[in-house]
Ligand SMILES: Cc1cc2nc3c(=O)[nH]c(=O)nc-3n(C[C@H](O)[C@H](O)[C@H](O)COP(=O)(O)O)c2cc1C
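Read the single chain below, which is given as structure tokens and is the form predicted alone.
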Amino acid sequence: MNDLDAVYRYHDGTKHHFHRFAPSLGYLDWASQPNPFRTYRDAPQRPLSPRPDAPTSPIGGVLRHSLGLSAWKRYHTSHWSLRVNPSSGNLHPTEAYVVCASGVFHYAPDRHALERRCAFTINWPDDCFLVALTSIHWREAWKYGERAFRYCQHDLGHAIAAVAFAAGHERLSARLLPEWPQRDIAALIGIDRDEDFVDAEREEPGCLMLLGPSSLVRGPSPVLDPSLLLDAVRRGTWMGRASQLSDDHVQWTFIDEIARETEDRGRTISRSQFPIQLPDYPITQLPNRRLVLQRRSALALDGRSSIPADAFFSMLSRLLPSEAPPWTALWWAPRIHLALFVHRVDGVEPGLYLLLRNAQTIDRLRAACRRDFSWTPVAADLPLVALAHGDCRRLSARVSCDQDIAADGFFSLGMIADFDASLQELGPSFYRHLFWESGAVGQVLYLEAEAAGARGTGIGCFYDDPVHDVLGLTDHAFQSLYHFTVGIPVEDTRLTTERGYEWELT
């Protein structure tokens, strides 16, 4: 079997169609609902909550504004948390670990605390640390079945972008470390230790990020020696046992297969694409902390409000690659373009548009699309083209699993990946990265929506091939990976909101 056959088999096998959805249980087994928080029993705890008279540490600040709790919601006797980083179904498969000079720590967002997993001492820069992100597939598979692997990768992309933004708030830079194989990441943070996961759901290693001053993080030479770190954890003292999240499970072997076939064995990337940027990130390009903490996923949109054209164009401009977070955290050229269903943008005619995020793929994308599209430029300083004009509200809702929210906003969109060429060039493991990039795009959209006084929401449920039919796409050259919508939210007044942590000011 060709190296990519397993990727195509999984991707096609987990598509939604008009006549059937991707395989799942078809109902919610509430008795086996996973606990939203993992903990390590008997692991020493280090609270990160600040005293009123003490500044937060850079680690605490990064975690608080990327992976911490943003609020608690209450409806009668039901009580559930929301987080800074969004997640499909609020299921949050992503776990985070911090590696620094004194050891390895698991982040517990329910308490905003670090649980010490491994103690060691190593000589490395005091102002640098690593953040490792993992996925617990079961948290998503419980609800979504075989399509859950896709959603876990979306959520990783959101988390990568959230960490990059939060690092900027601490005047730090962040980037992914593609040199690290997944198996080494697992060994570094101890999720390959069978004795620590007795009866507990296993975690899939995702990615490793380096955070620190821009001159070190984005310089031409590696800051940290992987062999030195792996030797330190082998000699270190491990502690803590992972908690079990559910008593009962359904085994989705298709997820296990695609995880195995897309395992990232690491790759060497030219450091020339990480130019040194001094001084460290100016925070003028960052969403402020208030916006980060107030971000929510809209559950319904009003279906009548509009947005000015200049605000719409400004929002789209933030989705283009630049020397600012989160794009500086990624090591590859953009692979995601946006097919926009424009509904209510003042001064922009309703219809179907494309935002082209990588000029090198425009000719191939144009050749793959329908011949009758106009490809008319819309703005002089924005790679946005009009394909066809007309009311596309019903169409956008129809292809987004018949969800009205896709038609009730200013616009909705599908994220179209340069799929086959990317996999042919960079291999099966890049399948994950395509979803990471789409998640990063979604994270920027969430924050831009909040900044515009609106609200967004990611849409993981869409009819894959009908979306491709709209554009005229007929093979694996380009594939839709994620949908999104932005508009004015309709708030559910039955719900009450409480702050994320007791120690925070209202």
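The structure displayed is predicted, hence computed values, not measured ones. Residue positions are given as counts along the sequence shown, with the first one as 1.
The protein also exists as the form predicted in complex with the named molecule; that form is not presented, and the subsequent description refers to it.
Asks: Out of the stretches listed (292-300, 119-127, 312-320, 168-176), which one is close to the named molecule in the predicted bound form, meaning heavy atoms within 4.5 Å?
Replies: The contacting stretch here is 292-300.
Asks: Answer with yes or no whether residue 135 is in contact with the named molecule in the predicted bound form, where contact means some heavy atom within 4.5 Å.
Replies: Heavy-atom contact with the named molecule at 4.5 Å: absent for residue 135.
Asks: Classify residue 446 as contacting or not contacting the named molecule in the predicted bound form by the rule of any non-hydrogen atom within 4.5 angstroms, answering yes or no.
Replies: So residue 446 counts as contacting the named molecule.
Asks: Does at least one non-hydrogen atom of residue 214 fall within 4.5 angstroms of the named molecule in the predicted bound form?
Replies: Result no; residue 214 lies far from the named molecule in the predicted bound form.
Asks: Determine whether any heavy atom of residue 86 comes within 4.5 Å of a heavy atom of the named molecule in the predicted bound form, and answer yes or no.
Replies: So residue 86 counts as contacting the named molecule.
Asks: 90, 155 and 403: each with a heavy atom within 4.5 Å of the named molecule in the predicted bound form?
Replies: All of them do, each having a heavy atom within 4.5 Å of the partner.
Asks: Sort through 43, 59, 69, 461 and report the residue having a heavy atom within 4.5 Å of the named molecule in the predicted bound form.
Replies: Residue within 4.5 Å of the partner: 461.
Asks: Can you pick out, from 365, 82, 355, 345, the residue that has a heavy atom within 4.5 Å of the named molecule in the predicted bound form?
Replies: By the 4.5 Å heavy-atom cutoff, the listed residue in contact is 82.
Asks: Going through 473-488 from first to last, which residues have a non-hydrogen atom within 4.5 Å of the named molecule in the predicted bound form?
Replies: Going through 473-488 in order - heavy atoms within 4.5 Å of the named molecule in the predicted bound form - there is one hit, 482.
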